[in-house]
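To begin, one chain is listed below as structure tokens, in the form predicted on its own.
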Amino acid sequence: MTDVLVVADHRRGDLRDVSLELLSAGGDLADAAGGDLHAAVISGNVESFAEDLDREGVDQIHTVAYGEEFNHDVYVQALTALAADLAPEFIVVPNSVNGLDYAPAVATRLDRPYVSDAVDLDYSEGTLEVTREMYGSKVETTVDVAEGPFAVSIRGGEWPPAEGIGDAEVSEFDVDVDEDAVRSNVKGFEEVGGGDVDISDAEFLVSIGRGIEEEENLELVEKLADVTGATLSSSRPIVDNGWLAKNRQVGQSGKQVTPDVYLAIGISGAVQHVAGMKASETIIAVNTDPNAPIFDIADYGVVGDLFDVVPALIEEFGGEPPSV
């Protein structure tokens, strides 16, 4: 019992980025424990998902072809049966809406200790050390689980996605689903709060914070996003003020993003916001305060007034700054 089982996450036909991050986290545990790395994908286009999950270091991929979308009862039954068959030492799931839905139920059925929202994992001599953040990410704590088998969910954006081309064995796992125990079904989806944009898929984000001062000044940053081909996002105060829709919010209470470039304009860098964007490949910050926390994680920083810096950037990219 030294193997690791990770559970892929998908939504509306797309495999989510955290699935590949799970493979990295699970691979580290498998190396530390000396076991194999297994991946499971339940429901949806499992054959296509399995191809995407076949990355370097993955030993086996198990598919459960039942239904199209996430269903709590199906996931609980499938994972309980799969874990009973494989007897993995570790079950690793995403700390996503879906993962948080089924993981406690699975852990309870399997009588495993469960630790959620891990940002780091370390396994040595039978003890799993889980690093978590508390009090709005202001405090980092460690939880030692001295006896396995274990169940843990990991926060997205904390591990790099698994890379390379693998040669995993792919097999269909047949689950005798108890239909009477499936008490809900997905009937459809309804976009809420301006769902026209998914900032978590963006490669370049221009993000605005309190420094914009007034709603009418948003036009300036919108122009910058337009001339650079970026997607507009924001910190929580902009959404709380009703200036942008909820789907534009980056942070602990918004979305976690991992773009190639994250341009933070007028954002101080509160821990709640940083938790949602610190995994960005390149972070550029513009702020008048040289001691703003955002500069602690920025790769490049400009200490200056956004109302001077942004128009200059717009002109540099061939645009005409609006009057504000």
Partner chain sequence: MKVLVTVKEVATVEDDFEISGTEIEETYLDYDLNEWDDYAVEEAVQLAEAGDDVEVVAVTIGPERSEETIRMALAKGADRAVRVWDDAIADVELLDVETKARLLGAVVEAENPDLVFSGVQANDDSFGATGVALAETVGFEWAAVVNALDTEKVVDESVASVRRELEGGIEELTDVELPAVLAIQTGINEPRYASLRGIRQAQSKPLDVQSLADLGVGAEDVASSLDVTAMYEPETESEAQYLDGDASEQAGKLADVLREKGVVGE
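Residue numbers count along the first chain shown, from 1. From a predicted model like this one, the values you see are computed outputs, not experimental measurements. Whichever C-alpha set is largest while still superposing within 1.5 Å between the two forms counts as the rigid core.
Keep in mind the form predicted in complex with the partner chain is missing from the figure; the text below concerns it.
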Item to check | residue 184 within 4.5 Å of the partner chain in the predicted bound form, heavy atoms | outcome: yes
Item to check | 4.5 Å heavy atom contact, residue 164 to the partner chain in the predicted bound form | outcome: no
Checklist entry - According to a 4.5 angstroms non-hydrogen atom cut-off, is residue 240 in contact with the partner chain in the predicted bound form? => result yes
Checklist entry - Should residue 279 be counted as a contact of the partner chain in the predicted bound form, where contact means heavy atoms within 4.5 Å? => result no
Item to check | Candidate stretches 57-65, 22-30, 39-47, 295-303, one within 4.5 Å of the partner chain in the predicted bound form by heavy atom | outcome: 295-303
Checklist entry - Looking at 115, 170, 220, 86, which has any heavy atom no more than 4.5 Å from the partner chain in the predicted bound form? => result 115
Checklist entry - Considering 53, 257, 274, 286, which brings a non-hydrogen atom within 4.5 Å of the partner chain in the predicted bound form? => result 286
Next on the checklist: Check for me: heavy atom within 4.5 Å of the partner chain in the predicted bound form, for each of 139, 228 and 309, yes or no.
Outcome noted: yes
Checklist entry - Looking at the partner chain in the predicted bound form, which residues in 61-84 have at least one heavy atom within 4.5 Å of it? => result 70, 72, 73, 76
Checklist entry - Does residue 32 move its CA by 2 angstroms or more between the shown form and the other one when the core is aligned? => result no
Next on the checklist: Rigid core aligned, does the Cα position of residue 96 differ by 2 Å or more between the shown form and the other one?
Outcome noted: no
Item to check | residue 296 C-alpha relocation of at least 2 Å between the shown form and the other one, rigid core basis | outcome: yes
Checklist outcome for this item: Relative to the shown structure, Cα residue 280 and Cα residue 94 in the predicted bound form (3 Å or more change) are farther
Checklist entry - Once you compare with this form, do the C-alpha atoms of residue 129 and residue 280 lie closer or farther in the predicted bound form, given a change of 3 Å or more? => result farther
